[in-house]
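The form predicted alone is given below as one chain in structure tokens.
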Amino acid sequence: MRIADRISDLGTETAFAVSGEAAAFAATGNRVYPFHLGDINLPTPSTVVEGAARAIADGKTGYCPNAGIPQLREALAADIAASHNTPYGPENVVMQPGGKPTIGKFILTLMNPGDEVLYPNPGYPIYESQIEFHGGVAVPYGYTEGAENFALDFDSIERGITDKTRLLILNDLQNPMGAECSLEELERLADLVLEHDLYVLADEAYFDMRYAGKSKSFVEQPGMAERTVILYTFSKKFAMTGWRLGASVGPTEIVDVIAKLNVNDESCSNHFIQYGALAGLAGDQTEVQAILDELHARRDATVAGLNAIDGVHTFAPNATFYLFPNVTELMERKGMSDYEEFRRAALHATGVSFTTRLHFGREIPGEANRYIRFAYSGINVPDIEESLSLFQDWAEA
């Protein structure tokens, strides 16, 4: 069989391979502590579940409008307009079967083959995959360690801009690093976007997943709402990872094209799940807050456990459910330079399963520090404390 040539440019999420390896290790009778995948082992709020169940009972099981049901588009537009200080209406919102489809549809709408796209690295690997699959040139930009969190490396951003640069992908409140842009960074980035006539994908999957302070959106910068598509997802805030519902939010000229892509790709997002999401937005937020409170406790436990280990340092970001500890000293002390050797050694010695920097993009030349990623969304506090005690014993042995 001859597979199409373009498939060789299609990447994947290698974190799922780590998940499979951990499952195989557990199947032989070993205890596994799952920090490798950003899934959430907390129940979806009852408001969402009951809203979807009512919709099923009411017969909302057929096709619906390609852009999504009007009630949800209106409610989501109002919710984002209030939190982002923008004049969004339902015409600016197109529902998607998850957050991820916005990435590919944004690229298909605005990028021609040969155009260059700036994307974060380390970052969500689907950015790079979709850029290259659709014939673009993926140009990475990086981060540096600041005093309290990672910061955008503007030198690498500015070096990456050429006369072929068309798009920029910004994942503020970032996976895998937990990085959060300061106001000064957002202002500087907006200046570059205007100077070079770029369009922006603002991946805000974790905008509402925060434990202190208030999230800032790139679209609040002057002129950026007209140039930016927001990736919105219900997966995180409402613990709906498997429900697969999100939205593309932005200028009507762009979201109208995305709606046309909906017609071609999946016709529409799930009908009754949209009613569940509508109930979640409109209903009592007590269970939503309980999800955040639990994740906050898990963050504190994971940060404390990792920072107690000699040769490990991690920031405590105020958003997302990821940590990106620096393990340079630990790997050197263990005599390991290979990420996979280190990861597998830790898994087999302690049962602690995590991903590494290499699961989030190709290494950028000149990288000196070594990092791993811990996702604490799928493991409770007692297991976090137990696992990191074992990890510490192995690390310091």
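A residue's number is simply how far along the shown sequence it sits, counting from 1. These figures come from a predicted structure and were not determined experimentally.
The form predicted together with a small molecule is left out here; the points below concern that form.
Candidate site formed by Lys100, Tyr124 and Thr233: every one of these residues places a non-hydrogen atom within 4.5 angstroms of the small molecule in the model of the complex. With the small molecule left out of view, the stretch that reaches within 4.5 Å of it through heavy atoms in the model of the complex is, among 180-188, 151-159, 75-83, 91-99, 91-99. Checking Ala205, Leu278, Ala225, Val139 against the small molecule in the model of the complex, a heavy atom within 4.5 Å turns up for just one residue: Ala205. Between the small molecule and the residues Asn171, Asn262, Thr314, Gln130, the one pair within 4.5 Å by heavy atoms in the model of the complex involves Asn171. The small molecule in the model of the complex comes within 4.5 Å of no heavy atom belonging to Lys216. In the model of the complex, Asn175 approaches the small molecule with a heavy atom inside 4.5 Å. Residue contact with the small molecule in the model of the complex: Tyr322 places a heavy atom within 4.5 Å of it. Although the partner is absent here, His134 sits far enough away that none of its heavy atoms falls within 4.5 Å of the small molecule in the model of the complex.
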